[in-house]
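Taking the form predicted alone, here's one chain by itself in structure tokens.
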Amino acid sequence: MKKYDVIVVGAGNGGLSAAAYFARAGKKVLVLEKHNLPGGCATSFVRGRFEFEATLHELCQMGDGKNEVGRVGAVRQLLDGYGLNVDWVAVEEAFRTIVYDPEKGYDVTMPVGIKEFTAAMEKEVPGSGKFVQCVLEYGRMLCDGVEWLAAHNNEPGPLAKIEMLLKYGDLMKVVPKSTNEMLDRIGLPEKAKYIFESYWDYISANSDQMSFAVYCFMTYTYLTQKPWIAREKSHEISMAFDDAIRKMGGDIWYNTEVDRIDIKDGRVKGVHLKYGQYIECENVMCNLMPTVVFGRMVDPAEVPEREKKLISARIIGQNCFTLYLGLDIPYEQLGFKAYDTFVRFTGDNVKQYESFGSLDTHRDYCVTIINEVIPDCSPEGTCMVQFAKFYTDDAFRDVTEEEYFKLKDRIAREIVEHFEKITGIDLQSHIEELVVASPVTWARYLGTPQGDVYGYSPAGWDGMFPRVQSGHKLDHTVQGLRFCGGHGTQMDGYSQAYLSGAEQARYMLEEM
């Protein structure tokens, strides 16, 4: 058998990025993927006449240099550097947010662009503009600081650290602060704060727990570099990775599930495939959760004590109930204009978060309509509407097999009927295709606990900035084994997974 320098377990976003990085560096790399296609969450599927996007929100840090800050985003630079052939399309809005509280409700669409976003917020919340400018100035500073860290490979030496403290002292002060704490200190009015925090559930933490630095950085890059999606949906990105990896000399085996990772005396020796084959290799990049790997795939005697403590301390991120609708009417006739919409019973996401552990109500969800950005993404005269409802607990844990299908139907109906009620739009008469993916579906597909789609929920001690600055060393507990994707230093998200794959591959190459 061909001898490989590195084995990548899992062809999700992080694994594909790591494999491309290794292949570009001239290493013999093998990707092992249990499914018949690459991408993990970055894929699409066909039902009837419709090709549904499985999960993609948007990519950030994708600026093309033709924006108000003149930056080519770090993610675009990375993907272009791999030679990916993808037709990218910009999303010309930040988000739409609907709060249907009878007393404090609102329905507002926020544009991209610093000036445009600030003006829209001032119009919606008079007097808020100067505070929004202050928040976004922090965003600019954070972007500069992140670029500075990247230029030093996130490992500044002693003199560079002194330079960083002198140049970005304010950045270091805000990194440990929560989003709510910082926005309250700045003085952002309550309604403006709630609108600004609309993206919170894509971070998998409420604003009392969510890092201000991470959230503000993400929002600033969205506003200045725009969100972007692939014209042929995220499966186009995954297949472009497949093509690029192969062209650079890498191998990918589909329908090939890794059953165990062989570790002896704290050192990787190889991998066991599900059907008995053993592949010897001393370097394994894993696109699976450490909880799964150390809980199911490693000899218990070889699990490091630190990994046991981390598994106990970390909180599994949100799991998702996803509803895909193919409608027999064109988007223009739907009567609802937006690409990404957040529907809430309150703007206070701490209260939203508290309600997300229950199966009782389904009044908060995200609505994505890709036809807003790519009109011809569905057959002529049709459109697609996708709903995502998040759970912060293992909500399906006690559901019996007999109850399961009735529960899925009930949740789907509740979401659709609720959306119809608050918008006055008739969806049910126009449903041609309907597909439901529950947390159980995602657990089966991704192999994650509870059907988690976001990795671990970020915490003050275990967020992106602490991991970027030191976590890659602390979490490297087994020689020759590293983790990428939503479980690496960059935490969750498509963009972060690509960056994580490259970063972890670079660390592994240095060790090799």
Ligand SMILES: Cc1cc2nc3c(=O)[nH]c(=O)nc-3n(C[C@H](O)[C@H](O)[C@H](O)COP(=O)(O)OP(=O)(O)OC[C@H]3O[C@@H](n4cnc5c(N)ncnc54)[C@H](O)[C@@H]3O)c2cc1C
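Since the structure is predicted, the reported quantities are computational estimates derived from the model, not experimental observations. Quick note: we count residues from 1 along the sequence shown, nothing fancier.
Same protein, other form: the form predicted in complex with the named molecule, not shown, and the subject of what follows.
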Exercise. Quick one: of 258, 141, 78, 416, which gets a non-hydrogen atom within 4.5 angstroms of the named molecule in the model of the complex?
Worked result: 258
Exercise. Heavy atom within 4.5 Å of the named molecule in the model of the complex: which of 27, 57, 482, 467?
Worked result: 57
Exercise. Within a 4.5 Å heavy atom cut-off, is residue 297 in contact with the named molecule in the model of the complex?
Worked result: yes
Exercise. Even though the named molecule is not shown here, does residue 378 get within 4.5 Å of it in the model of the complex, heavy atoms only?
Worked result: no
Exercise. Hey, in the model of the complex, does residue 446 get a heavy atom within 4.5 angstroms of the named molecule?
Worked result: yes
Exercise. Would residue 454 count as a contact of the named molecule in the model of the complex, using a 4.5 angstroms cut-off between non-hydrogen atoms?
Worked result: yes
For this session: Mind telling me which stretch in 130-138, 287-295, 370-378, 96-104 gets its heavy atoms within 4.5 Å of the named molecule in the model of the complex?
Result: 287-295
Exercise. What residues, if any, in 322-336 have a non-hydrogen atom within 4.5 angstroms of the named molecule in the model of the complex?
Worked result: 322
